[in-house]
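Encoded as structure tokens, the following chain is the form predicted on its own, with no partner shown.
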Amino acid sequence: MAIADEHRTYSIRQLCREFSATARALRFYEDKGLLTPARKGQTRVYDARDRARLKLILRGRRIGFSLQEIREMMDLYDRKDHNVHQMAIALRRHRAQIETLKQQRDDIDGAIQTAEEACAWMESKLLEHRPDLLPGAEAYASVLKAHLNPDPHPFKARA
């Protein structure tokens, strides 16, 4: 990503391209009051502040924060105190979100293991009683059939 110039402006297309976002998403964030681009006629003109806020919004969404949580953290922004209050709140929320994400990862790993065990059990039962119903059994059967019943006249002209 390019480094933002304090006085530079951006079109919606430029920000969409830079952040792999859609114009619809940017307009949605504007409707929610998270972005406040200037207008030149019908054209939205984003400044460095909007660009920085978009970066924070997208990062927050990726981490799993709601738009309300992102708004609350961004509303604490205050250059006078070097954003220390904002950072203290954001740090606590990020640490809590990390724990939530780790728990979700553990839950997903457990679900995958349970599903794999279920698949292994079903495959063993099908192998025992109806191997023809196993996934890939038809492809295996056709290959096996071709090897067991080769064409007796491979060079014979077909009519």
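Model, not experiment: these values are computed from the prediction. Numbering starts at 1 and follows the sequence shown.
One more form of this protein should be noted, the form predicted in complex with the DNA, which is absent from this view; the next part is about it.
- In short, of 47-55, 122-130, 98-106, 28-36 it is 28-36 that has heavy atoms within 4.5 Å of the DNA in the predicted complex.
- Just one of 67, 111, 134, 118 comes within 4.5 Å of the DNA in the predicted complex, counting any heavy atom, and that one is 67.
- In the predicted complex, residue 61 approaches the DNA with a heavy atom inside 4.5 Å.
- Although the DNA is not shown here, in the predicted complex the stretch 11-34 places heavy atoms of 11, 12, 13, 22, 24, 25, 27, 28, 29 within 4.5 Å of it, in sequence order.
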